[in-house]
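Shown next as structure tokens: one chain only, the form predicted alone.
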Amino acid sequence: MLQVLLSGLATGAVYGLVAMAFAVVFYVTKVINFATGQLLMVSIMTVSGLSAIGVPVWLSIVAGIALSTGFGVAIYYGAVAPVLKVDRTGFGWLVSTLGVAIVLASVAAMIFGPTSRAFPALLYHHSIRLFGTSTTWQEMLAVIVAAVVLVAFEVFRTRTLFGKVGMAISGDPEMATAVGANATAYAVIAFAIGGLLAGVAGVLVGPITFANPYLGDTYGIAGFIALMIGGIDKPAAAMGGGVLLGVLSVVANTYINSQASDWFPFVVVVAVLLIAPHGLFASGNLFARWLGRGRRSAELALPAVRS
């Protein structure tokens, strides 16, 4: 059972990073980037492709994460900003980001082929004994990286002026813009962070699975489900949802059947939404909480920006 839990934590850490990539973008812009899973795929395919032609693995990893981050910014400028400029209150971004996801997967399939490719093993073949059971260093790395990212992001979000202004923009973008905050710059940074987190998730999961142009669909859906389970009001809740989903999925695969992960997450998210419509780790009224926090943060942080 402990072996299953450790594997579930590693899987959940990856799901949680993808869910955080969704959440960071939504937190600032109120947009759900449905191409987030494909940013993970971009990182995986870049690392696999470059390492296959002899590029050092560490350099391939840097290039893969940098490319996923850059694509995150490109998605904002190419598929989100033009739509918001026409209709800020509509949902045109849903169609545009889904379109980007389809295009990215198709282009990757044309470049690399539709079949699975090898990914550098990294730490996957190095095992470690923990609490009487065995796991791999790659799985432990996924858990450690996810924990570090979560803590670092929460400290940055709540303790720095930059993070507090971001909270103000998320709570009331019109008011924040009126008193001098650059909402566009924060949106670009949010999409870049989303691409970065998805790219890191790709590097962590690549050695455990494989490199495939359509892998982004699987992890994009899992990350979005994790977001719904944990709660969309804060990135930390998204990480919690990812960890819970990962553990439950591995448990289902082990004790139900090997295909349970294809349908079990949907059962979980429906059950959670019936019990807690805003997610298990959300608190208070969602929109009232955003608005109240945004106003308080703006009053404290934005005068300092103007000065």
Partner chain sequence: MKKITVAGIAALTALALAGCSGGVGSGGSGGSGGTILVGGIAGTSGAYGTTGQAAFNGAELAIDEINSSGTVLGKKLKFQGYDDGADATKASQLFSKLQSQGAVAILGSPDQGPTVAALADQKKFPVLGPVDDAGLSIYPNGPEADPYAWAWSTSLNTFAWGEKLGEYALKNCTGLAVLHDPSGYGMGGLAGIKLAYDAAGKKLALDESITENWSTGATVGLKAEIRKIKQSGADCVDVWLTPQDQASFMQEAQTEGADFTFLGNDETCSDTTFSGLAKKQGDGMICALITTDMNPNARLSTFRDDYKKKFGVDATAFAELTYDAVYILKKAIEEGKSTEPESLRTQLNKITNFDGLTGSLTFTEKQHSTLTTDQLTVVRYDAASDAWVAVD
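Positions refer to the first chain, counted from 1. Values in this document were obtained by computation on a predicted structure and should not be read as measured data.
Although not depicted, the form predicted together with the partner chain is the subject of the following passage.
Only one of A142, L215, A187, V203 lies close to the partner chain in the predicted complex, with a heavy atom inside 4.5 Å, and it is L215. The partner chain is not shown here, but in the predicted complex it comes within 4.5 Å of a heavy atom of Y124. Although the partner is absent here, A118 lies within 4.5 Å of the partner chain in the predicted complex, judged by heavy atoms. Under a 4.5 angstroms non-hydrogen atom cutoff, the partner chain in the predicted complex has P207 among its neighbouring residues.
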